[in-house]
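Presented as structure tokens, the chain that follows is alone, the form predicted on its own.
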Amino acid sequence: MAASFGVAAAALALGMAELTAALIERPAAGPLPAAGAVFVDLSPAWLQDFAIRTFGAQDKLVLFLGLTVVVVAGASAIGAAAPRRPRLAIGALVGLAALAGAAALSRPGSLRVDVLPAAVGAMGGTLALLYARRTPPGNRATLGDLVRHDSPALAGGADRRALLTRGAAMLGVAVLAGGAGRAITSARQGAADGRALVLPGPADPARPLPAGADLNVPGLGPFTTPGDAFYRVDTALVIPRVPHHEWTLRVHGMVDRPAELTFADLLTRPLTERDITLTCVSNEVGGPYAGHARWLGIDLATLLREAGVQAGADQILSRSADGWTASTALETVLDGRDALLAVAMNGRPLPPVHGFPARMIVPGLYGYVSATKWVTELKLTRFTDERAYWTRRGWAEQAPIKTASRIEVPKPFAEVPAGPVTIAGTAWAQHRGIAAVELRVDGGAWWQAGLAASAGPDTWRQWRTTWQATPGQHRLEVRATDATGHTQPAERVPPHPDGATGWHSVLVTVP
């Protein structure tokens, strides 16, 4: 019973903390998001890579569930100690709140007010523990009595029904406070997601996709990935929500003319529209972390040249609204490729999860060095002077996307009929383009697959072929060759530090 009261007190503390974070418009300052963000930052690269590989887009949910388990265990221990050692229990609760407050204050861009959610939560949790020890009507007890387990005023205690009622009341208040906090945050975020924005059309529109770019094979993903199906890999436990009318982009560092632009400033510039495929460096061979979209934004090279890049600068250190940083080789933005500061995706303003109000898109580079979401700062600097979030953790500074291909049809371990069977998939080598895709079965001779029409070197390319299936279990393998003549190697190399290599294969059974 005492342990359960500890859990109820912790729930009340978290609920009040979340409500406070919502009221001060700092949802990331809540104890769970703040502690989770610190845990992510302190985790070694191998653990973060394992989480992405194992849990994919659910890695943040798994982290929150893990934190919840830790909170429940700690709260149970505090509740169990409360009847005999109330001062220790309250001290432990306050100590945990202090750690949560320190975590909130340690985040990039933190404010002093960020300690409030943890402080209010600690107060609520402490009052909850004291409330659980309240004497029945007719007994008079002071605050000192409530923290002394041997107080005569507490002799006899409350009966079981009264304790259950108090516990239920505490949980009810916790749910109401937490729910109110979520509702307030959701309402504010909904007003900041840009869905109602009407963006100007492109001054330089993308060319129409060529006929045949999408093979329309059942089971093969579409050429253009819908926004709600586009992969997401980032470190943000709480999606930054920046109202577009409050957003600014600072361009500074090794430039002659530092500048600060508003979202309205961006929309007065000529907008460029391009088809660009993105890939995450955490993608394993045959993995899902690649997606294609039509992006709309301003030309990034033009913006930097207007600022006057100084001699010696070789890095763009970009920063997101939540403090995350990425390092992009300056030459890759200035070499003529379609590097964008994007404001729209597939004809609509960027979804919040994909970087609204603005994000970077540099074709040909893995996302961790090219695709900063919620970007608020571009600093021209040198690789020798500053390092970004992932490069500090051992990932490569230069990260061009490697030639890759995957089999999407048939699925692994599928059962397929004897006779002609369609094999299809996707290949990519952004900023080089795909020249050929080859298949083989059971280690036999390679044969070329048919390629879909190319939409440009910065996009992926679909392919298909027909295999005369015979009874038994078979291994299908694929490899691609890019437009420079480089064929992806057979050797399996893990994603760290600059991207995976190897041939994708699937096992199928023919009855």
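The first residue of the sequence shown is number 1, and the count goes up from there. Since the model is a prediction, treat every value here as computed from it, not as a measurement.
The discussion below concerns the form predicted together with a small molecule, not included here.
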### Query
Applying a 4.5 Å heavy atom distance criterion, does S320 contact the small molecule in the predicted complex?
yes
### Query
Are any of the heavy atoms in T235 no more than 4.5 Å from a heavy atom of the small molecule in the predicted complex?
yes
### 4.5 angstroms heavy atom contact with the small molecule in the predicted complex for V333
no
### A371 within 4.5 Å of the small molecule in the predicted complex, heavy atoms
yes
## Note on the structure
Only one of 249 to 257, 227 to 235, 197 to 205, 79 to 87 sits within 4.5 Å of the small molecule in the predicted complex by heavy atom distance, namely 227 to 235
### Query
Between the options A399, L129, A174, C280, which residue brings a heavy atom to within 4.5 Å of the small molecule in the predicted complex?
C280
### Summary
Of H292, R406, H354, R274, the only residue with a heavy atom within 4.5 Å of the small molecule in the predicted complex is H354
